[in-house]
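In structure tokens, one chain follows: the form predicted on its own.
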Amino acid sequence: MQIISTKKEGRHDRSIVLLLALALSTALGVHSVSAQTRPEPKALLQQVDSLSDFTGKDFSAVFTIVTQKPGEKDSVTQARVFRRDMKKQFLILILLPEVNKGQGYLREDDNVWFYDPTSRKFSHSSVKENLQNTKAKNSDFTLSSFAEDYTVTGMNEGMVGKFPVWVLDLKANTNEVAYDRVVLYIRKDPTMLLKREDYSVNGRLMRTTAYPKYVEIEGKLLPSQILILDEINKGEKSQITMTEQSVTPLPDKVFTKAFLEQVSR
């Protein structure tokens, strides 16, 4: 078990360490980039994307999100996520809190829909929107596509605690993504994303995300714990835990409005 600790990466890294103090799991059998070899930036992005790409299989899991805000009681949101990466389809079904149970998000073709079982109506949503009252975006639960959505504008070496990392500065090449600029801190060996910084169009740091714990599933590597820090509203954060992960094939009907209406009754 290895603890993530930082030297002088800045205030945001120290905050993550103090809040987390969690172990980083090292998965075996995962292809990695040698620490001595400088990879081609886009190839490295493609490798990061491939670590969580279940194309050819279906993926599902339960995500529990504990959100903290100063002066407020912790809130718990739980959702079951279904993914079919080959078609970039996903369905997010809210399980908790009880008052929101049955609400859901569905990607159908190029549209993202939000369903409210109270009104029994669908409305347009987006991968950019926050999931309920949490610090997570809908896009945090879908297939990673950094290589497709971003262009690398800079690449350096750095450290996250005692781990050597590649630091990639990315600029969005589509307005479909949640953030215009993203900085990724990718562990060199084995390859895995340790930290992410998201910036607005005007260059303001919006949130910092840490990935302290991973789990291997069918040769893929997924973060089983995630911490998202709100950099605008200081002290607000969400911790995400993934459980019940599965690659059992799903019926086609799961990725339809009719299914969402049915399970929400």
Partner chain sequence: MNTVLPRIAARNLLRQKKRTVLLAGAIAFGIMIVTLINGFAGSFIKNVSENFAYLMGGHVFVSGSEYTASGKRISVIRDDSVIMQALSDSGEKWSSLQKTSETSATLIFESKSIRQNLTGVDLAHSAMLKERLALIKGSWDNLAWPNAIIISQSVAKKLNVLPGDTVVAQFQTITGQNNVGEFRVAAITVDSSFVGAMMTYVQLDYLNSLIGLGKNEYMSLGIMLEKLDRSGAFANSLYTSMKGMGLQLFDRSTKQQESGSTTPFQSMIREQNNETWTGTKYRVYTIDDVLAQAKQIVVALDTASVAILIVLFAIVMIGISNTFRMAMYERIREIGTMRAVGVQRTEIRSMFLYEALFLALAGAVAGIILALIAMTIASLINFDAQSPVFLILKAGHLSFYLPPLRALGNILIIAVLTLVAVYAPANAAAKMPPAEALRTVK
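Please read these numbers as outputs of a predicted model, since none were measured by experiment. Numbering follows the first chain given and starts at 1.
We do not show the form predicted in complex with the partner chain, though everything after this point is about it.
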Heavy atom of each of 129, 206 and 232 within 4.5 Å of the partner chain in the predicted bound form
yes
Of 107, 137, 84, 187, which one comes within 4.5 Å of the partner chain in the predicted bound form, counting heavy atoms only?
137
So which of 111, 123, 156, 174 reaches within 4.5 angstroms of the partner chain in the predicted bound form, heavy atom to heavy atom?
174
Among 232 to 240, 42 to 50, 210 to 218, 58 to 66, which stretch sits within 4.5 Å of the partner chain in the predicted bound form, heavy atoms only?
232 to 240
Determine whether any heavy atom of residue 96 comes within 4.5 Å of a heavy atom of the partner chain in the predicted bound form, and answer yes or no.
no
I'd like to check something about residue 37: if you look in the predicted bound form, is any of its heavy atoms closer than or equal to 4.5 Å to a heavy atom of the partner chain?
no
Quick one: does residue 178 come within 4.5 Å of the partner chain in the predicted bound form, counting heavy atoms only?
yes
Taking only heavy atoms into account, state which residues of 184 to 215 are within 4.5 Å of the partner chain in the predicted bound form, ordered by sequence.
200, 201, 202, 204, 206
